[in-house]
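Read the single chain below, which is given as structure tokens and is the form predicted alone.
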């Protein structure tokens, strides 16, 4: 029951993901960070099969770093999104990845942006987007309350509304969420919304 969503505000983009690692009827952990920091000003949030999600996002992260190392300049957010889309499209005809991605970034020239990339390599630049069962509720909440030029406070308030709606409406709702933000100061973790904490493992 994965939930990944994001939106673009005034000079920033925010991305939110649940933190549950689930297989079948088992919850393995509830603090799995599904939002990776690609570089200083980019975030990649992914949902899908856990192995594909981890392997593919790490592959993209390392290739983005390799490009910057080779050329001395970082990829723009649009370029990183198109590279990601190209890799998914290539894999689609060989060994496809079951992974859906929201890629957020901030560029000095163009400001914040958010890209929607699904498992069949569809790429769209969007103001708001979501994946997973939680998208049924988060998209409707964002359709109702989102407006361009939102402040950070307004965006976080909307994020909290989405999380509350998911928790109250989704039959098997993930308990915890991580919120990350990217703006002119870089990509960083903003907050966690936790209702369940993983118990510490007792020492033998």
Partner chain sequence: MQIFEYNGSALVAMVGKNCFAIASDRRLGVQLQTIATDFQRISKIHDRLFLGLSGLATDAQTLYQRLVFRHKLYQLREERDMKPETFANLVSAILYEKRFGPYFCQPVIAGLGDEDKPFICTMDSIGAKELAKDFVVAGTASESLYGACESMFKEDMEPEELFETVSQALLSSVDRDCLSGWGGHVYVVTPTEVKERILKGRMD
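Numbering follows the first chain given and starts at 1. It should be emphasised that the depicted structure is a prediction, and the values quoted were computed from it without experimental measurement.
Separately, the form predicted in complex with its partner chain exists; it is not shown, and the next lines address it.
- Using a 4.5 Å cutoff between non-hydrogen atoms, residue 121 counts as a contact of its partner chain in the predicted complex.
- At a distance threshold of 4.5 angstroms between non-hydrogen atoms, residue 108 is out of contact with its partner chain in the predicted complex.
- Interface residue remark: residue 76 is not counted as part of the site for its partner chain in the predicted complex, having no heavy atom within 4.5 Å.
- Of the heavy atoms in residue 176, none are within 4.5 Å of its partner chain in the predicted complex.
- In the predicted complex, every residue of the candidate spot (89, 93 and 135) has a heavy atom lying within 4.5 Å of its partner chain.
- With the partner omitted from this view, the residue of 139, 152, 37, 164 that lies near its partner chain in the predicted complex is 139 [heavy atom within 4.5 Å].
- For the partner-free chain shown, 82, 85 of 56 to 86 come within 4.5 angstroms of its partner chain in the predicted complex, judged by any non-hydrogen atom.
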